[in-house]
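Only one chain is shown below, in C-alpha cells, and it's the form predicted on its own.
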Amino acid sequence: MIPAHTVQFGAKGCVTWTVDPVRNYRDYKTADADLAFAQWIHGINRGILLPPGLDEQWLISVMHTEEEALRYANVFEEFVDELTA
C-alpha cells in the first residue's frame, strides 16, 4: 500500500504522501518528503513540470488538450506502478 491520499481529482487537485488524510498544517507536515521528491523528479524527467512540495498539485485548464491531461495521468500512473513493482 502506498501512503497517499487524493485531495481532489479534476481540473485542480493534489495527492499528499501521508498515511492519513491531511486535515491541517500539522498533518501536511507529516507527508513523506522522499516520496514527494521522487515523484516530482520522476515527472520532471518526463517533461511534467509542477511546483515542488510535499504534495503533488496540478492544474488542468481549458487550454490543455485531452492528450496533455492524460499524459500527466499516465506519468503519475507509471510512478505508482514503479513504486509497487
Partner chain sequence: MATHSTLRNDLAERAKNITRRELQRYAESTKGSQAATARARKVMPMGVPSSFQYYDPHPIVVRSAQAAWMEDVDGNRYVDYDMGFGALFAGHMNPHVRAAIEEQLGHGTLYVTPCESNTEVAELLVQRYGLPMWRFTNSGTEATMDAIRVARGVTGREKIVKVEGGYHGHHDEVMISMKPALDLAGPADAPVGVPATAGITAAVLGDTVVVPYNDADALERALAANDVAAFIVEPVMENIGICLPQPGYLEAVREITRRHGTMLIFDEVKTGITAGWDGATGVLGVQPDLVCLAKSIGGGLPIGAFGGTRECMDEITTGRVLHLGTYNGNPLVMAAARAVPAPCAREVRRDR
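No experiment lies behind these values; they were computed from the predicted model shown. Between two forms, the rigid core is the largest collection of C-alphas that superpose within 1.5 Å. Positions refer to the first chain, counted from 1.
Missing here is the form predicted together with the partner chain; even so, the following discussion is about that form.
In the predicted complex, the partner chain sits within 4.5 Å of a heavy atom of residue 72. Although the partner is absent from this view, residue 68 contacts the partner chain in the predicted complex, with a non-hydrogen atom inside 4.5 angstroms. In the predicted complex, 55, 56, 57, 58, 59, 60, 61, 62, 63, 64, 68, 69, 71 are the residues of 55-71 with at least one heavy atom within 4.5 Å of the partner chain, listed from first to last.
Superposed on the core, the two forms differ at residue 55: its CA moves 2 Å or more between the shown form and the other one.
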